[in-house]
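Read the single chain below, which is given as structure tokens and is the form predicted on its own.
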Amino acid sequence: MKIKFKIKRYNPAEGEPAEPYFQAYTLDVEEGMSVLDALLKIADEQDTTLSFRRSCRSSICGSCAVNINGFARLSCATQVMPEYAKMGDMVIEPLSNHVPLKDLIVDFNPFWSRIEKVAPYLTPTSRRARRRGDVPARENDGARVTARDEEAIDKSQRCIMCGCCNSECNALEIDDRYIGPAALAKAWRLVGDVREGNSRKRLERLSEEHGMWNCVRCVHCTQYCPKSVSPLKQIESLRSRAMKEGVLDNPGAKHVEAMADSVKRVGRLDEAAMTFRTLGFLRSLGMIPFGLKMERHGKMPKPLLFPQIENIAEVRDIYEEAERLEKEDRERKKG
């Protein structure tokens, strides 16, 4: 079966200013052929100048990640025939949110810089902290790791650094300083490890601006991760741990507290009041121009005049039960 591949090309060496363009190639495709197989065949038989990355061909190295019909995929793990039957097209582009260097090859230096920011290695507890008793006994006892401990960080260990999650990240698209889902998934691998001696310091750094609270929960990172790392789940684990550790002096944690308090108090979200709780009075004043624009478009939340829902006692009972279970869990861990 002959299928046309539209591949986005870019070669800054050809002249200034370089502009990306699409080039079409027609290829005889056989059942079971992967997109990477097709790219290799095009490079071997039709155009030796076509540039792309590849290595293991087994979904292990992550090198061959590209955009296929608009979504980040591993080209070695994507078969041509089913993809063409589903989409009716074969458009291959470099990963989004990455700067192209040549054709399908993108600059991964910013990706690795983000990974380096989370210090991707375990840091042991200092001897001084051990003597003071500032760490749980399990972090002092020679790194005993149970099956339950390993399960907590298992998914975050599967990452192959392909960049698919960063490519699909909506937050990274609008904020190039955002640390990104790949680095945050790696961060949970470390924070969630019982052998880590500086979890709180890590959480404090990750709670700063452009950190874990900047995730907009679009779920794309989890949807398009080829190894089921579920980066969003790891980000949620980081946030939860930060709240439990008392790392609360940041807008993200304040927003969570304001949301929880609003539901407990009135049974719904009082969005107007939450703004002041999240940003503080002075920063909220700075949002007035934005609020006026929202008002013109009918998007401004109104203060609740009759805030409490019926049967608010049932909502508060749920909170009390959750707090009781959390207290029991803390006592069990201490024991």
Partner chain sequence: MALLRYAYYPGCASHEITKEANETTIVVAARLGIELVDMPKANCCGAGLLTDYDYPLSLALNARIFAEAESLGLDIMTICSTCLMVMNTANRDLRNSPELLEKTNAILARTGLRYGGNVKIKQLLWVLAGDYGIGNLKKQVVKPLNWIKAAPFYGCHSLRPSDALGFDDPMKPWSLEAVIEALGAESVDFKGKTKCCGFQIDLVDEETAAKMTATRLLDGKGKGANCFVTPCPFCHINLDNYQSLAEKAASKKISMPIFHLAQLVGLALGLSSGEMKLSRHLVSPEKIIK
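Definition used throughout: the rigid core is the maximal C-alpha set that superposes within 1.5 Å between two forms. Everything quoted here is computed from the prediction, not taken from an experiment. Positions refer to the first chain, counted from 1.
In what follows, reference is made to the form predicted in complex with the partner chain, a form of this protein that is not presented.
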Handout entry: Partner-facing stretch of 104 to 112, 182 to 190, 198 to 206, 67 to 75, counted where any non-hydrogen atom is within 4.5 angstroms of the partner chain in the model of the complex
Key = 67 to 75
Problem - Contact test in the model of the complex: Met259 vs the partner chain, heavy atoms, 4.5 Å - result: yes
Handout entry: Contact test in the model of the complex: Ile42 vs the partner chain, heavy atoms, 4.5 Å
Key = no
Exercise for the section: Tell me, yes or no, whether His98 is in contact with the partner chain in the model of the complex, where a contact means a heavy atom of each within 4.5 Å. Expected result: no
Practice task
Find out whether any non-hydrogen atom of Pro94 is located within 4.5 angstroms of the partner chain in the model of the complex, and reply yes or no.
Solution key: no
Handout entry: Residues of stretch 217 to 232 in contact with the partner chain in the model of the complex (4.5 Å, non-hydrogen atom)
Key = Arg217, Cys218, Val219, His220, Gln223, Tyr224
Practice task
Please say whether, between this form and the one not shown, the C-alpha of Arg177 moves by 2 Å or more once the core is aligned.
Solution key: no
Exercise for the section: Determine whether the C-alpha of Gly267 shifts by 2 Å or more between this form and the one not shown once the rigid core is superposed. Expected result: yes
Practice task
Could you tell me whether the Cα atom of Ala322 shifts by at least 2 Å between this form and the one not shown after core superposition?
Solution key: yes
